[in-house]
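Before any questions on binding or motion, here is one chain by itself as structure tokens, the form predicted alone.
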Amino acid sequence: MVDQAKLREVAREVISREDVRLLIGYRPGTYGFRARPAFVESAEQVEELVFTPACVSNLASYLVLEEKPPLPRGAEPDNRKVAVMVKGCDSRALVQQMVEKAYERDHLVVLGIPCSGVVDMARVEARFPGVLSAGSIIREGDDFVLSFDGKTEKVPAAELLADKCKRCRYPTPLVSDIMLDDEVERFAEDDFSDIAELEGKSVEEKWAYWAEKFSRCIRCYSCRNVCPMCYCEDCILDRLKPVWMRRSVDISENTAFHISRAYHLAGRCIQCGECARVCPVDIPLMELNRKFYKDVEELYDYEPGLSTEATPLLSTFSVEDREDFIL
């Protein structure tokens, strides 16, 4: 686990640089075990920075929200760099955003955090319900240690670990300027066993399964808004001329929305799981995304977010590409 004193020392040095205007990191939340994004603009603010297993958010999403034009009248663009703390899975979002030319590499200062896993906050809060005062979570060997309300509880890490961490192939950031800890070895190979049951269903069973899931959707757009790869300034799903889908919350329009998003993320989703994490009605969106991810990997031997030298999947063509799956 990253040493907090070292983290703050490095952050202080970075934010004090004349060519850096902002550092995006984590700070403790206001209640329970949660951590929240921190936007540090001065050396005095670095004391609030932390990194713990509660730092589940993918901060890469904020990089593509930075001061998009038009600026206020009379304002000049601030072209100084933005520093950002990233875990291994988060770093893949940076890589893929750069592959897609969302910004240039020299726009960033990347503080890499080799990660031994974050918690599934829903599991934490189910295990310790009703904790309103600020608590904390640290990793000690094979356990998570939770402190709250003047007491301490030790829980086996496997019971609270996020599912994405159990199959993470890239726990050490793939891009960084400053690495804040030693490299973490790959946890496991991803065998996609979590979607095997879904793949084994008949077409009719799959439709019934997703119809029930999508019928819950309230079209809050949290999944889209949190996704680091959903950063189009003009989302086609919002257009009124022409109208691609209606605003009504029903199974037809909900299905169109989620299938459209899944196809938009094919060859782009970096498996951070943020969409499923923030969904207020618990739609298992990563099952859909991971099916697409598996197919892309098997059909095209392609994984997004691994190299800034890569070419986006859907902008490539080879006469050797398979065609036997085309109807």
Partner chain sequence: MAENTRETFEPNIVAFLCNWCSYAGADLAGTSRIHYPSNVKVVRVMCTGRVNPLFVMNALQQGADGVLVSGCHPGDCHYMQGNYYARRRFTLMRRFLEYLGVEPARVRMSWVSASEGSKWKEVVEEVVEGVKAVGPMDQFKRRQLNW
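Residue numbers count along the first chain shown, from 1. Because the structure is a prediction, the values reported are computed rather than measured.
In what follows, reference is made to the form predicted together with its partner chain, a form of this protein that is not presented.
The contact with its partner chain in the predicted bound form, taken as any heavy atom within 4.5 Å, belongs to R246 out of K101, R105, K154, R246.
Proximity to its partner chain in the predicted bound form holds for none of Q4, V20 and D78, with the criterion being a heavy atom within 4.5 Å. The closest non-hydrogen atom of A262 lies within 4.5 Å of its partner chain in the predicted bound form.
Taking non-hydrogen atoms only, E47 never approaches its partner chain to within 4.5 angstroms in the predicted bound form. Although the partner is absent here, S252 is a contact residue: one of its heavy atoms lies within 4.5 angstroms of its partner chain in the predicted bound form.
When its partner chain is considered in the predicted bound form, L288 lines it closely, a heavy atom lying within 4.5 Å. Only one listed stretch (78-86, 93-101, 171-179, 191-199) carries heavy atoms within 4.5 Å of its partner chain in the predicted bound form, and that stretch is 191-199. Residues of 282-303 that come within 4.5 Å of its partner chain in the predicted bound form, judged by any heavy atom, are E287, L288, K291, F292, D295, V296, E298, L299, Y300 in sequence order.
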